[in-house]
Each structure stands twice: as structure tokens, then as C-alpha cells.
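There is one chain below, alone, in C-alpha cells, taken in the form predicted on its own.
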């Protein structure tokens, strides 16, 4: 049986993105990491320094260890200024360090996993959120993580996404796909 991990990038609990993610995962057992509850220090890029990256005392390594334990990863983030939230960006930026950390084999760990993305925004998100979907695609390609699908919801005020019939329909369809994947 495959396991599901949600990386929740919203800065507030119970927002539209979290609601849409829950709709997509209704009836599916999963673990959720709320990045807002973790300390993830922004990257200090030392890729080209002789000494390399310095050890950072935060939650990133522990989150990555949890990521490696799961088969299906759900990246859930509101669209903030046409991109992912800062906390999600800090998490992904730190992958540069994880890739060079001898305790991890990141590309090997990611090669048999698959990712889904859930986005929600208030300003024509199905169009203006597409560059963010592409950004996730490029990041996933770089680390060898298979990008399976995504849903983009429309919502500004808390609860607005419930009125986005299209996004709810897509989330329910992805729910069926995920249920078929995890039962193997």
C-alpha cells in the first residue's frame, strides 16, 4: 500500500488551499506537515564555496526524512503574488543543500515517488497559476520526482473555494485516481 504525505504551505489554517486539498484527499489516509509550524531557515547558497553548505539547525532535514518515507507527495500552497508561499519556497530552495548532503541520496529517494500540486488563488488562478505549476514541474524534473497532476482553485476569502465547482470536480476526480494508486 502506498502512503501519502501532504506538504501544506499555507500561512493560515483552514484556508481555501487546505480545504481543496482535503476535498482531494477525502477518505484517504495521509500524514500532513504544516510548514507554517516548522522552522525552515532560508538557504545560504554555498554550492560553489570550497567548504560547501554548513549544517543548519532547523526542521528541514527532519521534514526531508519524512518525505523519503512516503510514496505520494502533495504540495499544497496558496498562490501569493503569482508564486508559491514563502514557507513553501524556503522548503524547496533548501533542496539545493539536501542534494549535496552526504546523509541523503535525494535523487535516488525521489525517483519512485510521484507528486501532485494543489493551488488556490483569487486573481484568475487557472491562468495566472500556470507559471507556478510549471515551476513545480521544473523543480520536480530536476530531482527526478514524477509530476502526476494538479488542481487549481478559485478563492480569496476563507471558504470561497467551495463555490468553485470546477476545482471541486477536479479534486474529486483526483481523489478517485489517488484511491486507485494507494490500494496497490
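Numbering follows the first chain given and starts at 1. Note that the structure is a prediction, hence the values are computed from the model and not measured.
Keep in mind that the form predicted together with a further copy of the same chain is missing from the display, and what follows is about it.
Open item on the list: Counting heavy atoms only and using a 4.5 Å cut-off, do 85, 166 and 172 all touch a further copy of the same chain in the model of the complex?
Closed with: Affirmative, all three are within 4.5 Å.
Under a 4.5 Å heavy atom criterion, is residue 54 part of the interface with a further copy of the same chain in the model of the complex?
No, residue 54 is distant from the partner.
Next on the checklist: Even though the partner isn't displayed, in the model of the complex is residue 134 close enough to a further copy of the same chain, meaning a heavy atom within 4.5 Å?
Outcome noted: So residue 134 counts as contacting a further copy of the same chain.
**Prompt:** Looking in the model of the complex, any heavy atom of residue 43 within 4.5 Å of a further copy of the same chain?
**Reply:** Contact check for residue 43: yes, within 4.5 Å of a further copy of the same chain in the model of the complex.
Discussion item. Even though the partner isn't displayed, in the model of the complex is residue 177 close enough to a further copy of the same chain, meaning a heavy atom within 4.5 Å?
Written reply: Output for residue 177 is yes: heavy atoms within 4.5 Å of a further copy of the same chain.
- Query: Which residues in 123 to 142 have a heavy atom within 4.5 Å of a further copy of the same chain in the model of the complex?
  - Reply: The stretch touches the partner through 123, 126, 127, 128, 130, 131, 132, 133, 134, 135, 137, 138, 139, 142.
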